[in-house]
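Shown next as structure tokens: one chain only, the form predicted alone.
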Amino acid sequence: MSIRNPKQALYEQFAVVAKALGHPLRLEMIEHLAQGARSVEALAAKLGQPVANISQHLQALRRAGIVVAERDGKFVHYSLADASVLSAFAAVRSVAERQLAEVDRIVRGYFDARDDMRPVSRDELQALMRDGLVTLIDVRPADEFALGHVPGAINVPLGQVKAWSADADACREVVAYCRGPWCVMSFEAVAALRSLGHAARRLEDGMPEWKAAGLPVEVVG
């Protein structure tokens, strides 16, 4: 079959992917699926959305090749198609950070108010962990921690940070991470720890970026 305008035909397919990414709930779904495979029901519960709504969005992402599905008994589990999806997500985020004034306003008004210090890079964290100089905490929920975490990290979900800090060594720096570079939980955890007298910083990004960089990952069980 001949294609009259192959370039246009290609761009139409590129637009399918771009259109599938053009919804805030779908971007949040991608962030969650980057932590590990999820059933429709589990993803809906995470996001506080009706199962039917999440299912509809997942089908749109699947048609665009962004997620894949695998049946496990009565349940269908969805995961990101491959690492290129996370790269596409990061590219969208980068353009928005550089070009949209509203993004800058949100960052300054919310995120910088909680943590305006330079975050810890992956290379720096590895050196600090190797030398035993920091305590690394993963502030995601326990189920996400179980799917994969940075080796040596302690799971301290955000709601438990205050209680955990009471027994933590106040002279030892804490590094916190969660789902990604703009994950609210790590910002909140760092702000809480500092208010309690601990030296604390964030990892520059999250677990998905750590995995995408080919760095070691531990799973529970």
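As the structure is a prediction and not an experimental result, all values here were calculated from the model. In this text, residue numbers run from 1 along the sequence as written.
Keep in mind that the form predicted together with the DNA is missing from the display, and what follows is about it.
For the options 163, 52, 45, 27, the residue carrying a heavy atom within 4.5 angstroms of the DNA in the predicted complex is 52. In the predicted complex, residue 40 approaches the DNA with a heavy atom inside 4.5 Å. Of the heavy atoms in residue 57, some are within 4.5 Å of the DNA in the predicted complex.
The DNA is not drawn, but in the predicted complex it has no heavy atom within 4.5 Å of residue 145. Residue contact check for residue 134: none of its heavy atoms lie within 4.5 Å of the DNA in the predicted complex. Exactly one of the stretches 32 to 40, 151 to 159, 191 to 199, 166 to 174 approaches the DNA in the predicted complex with heavy atoms within 4.5 Å, and it is 32 to 40. For the stretch 65 to 93, the set of residues having any non-hydrogen atom within 4.5 angstroms of the DNA in the predicted complex comprises 71, 73, 74, 75, 76, 78, in sequence order.
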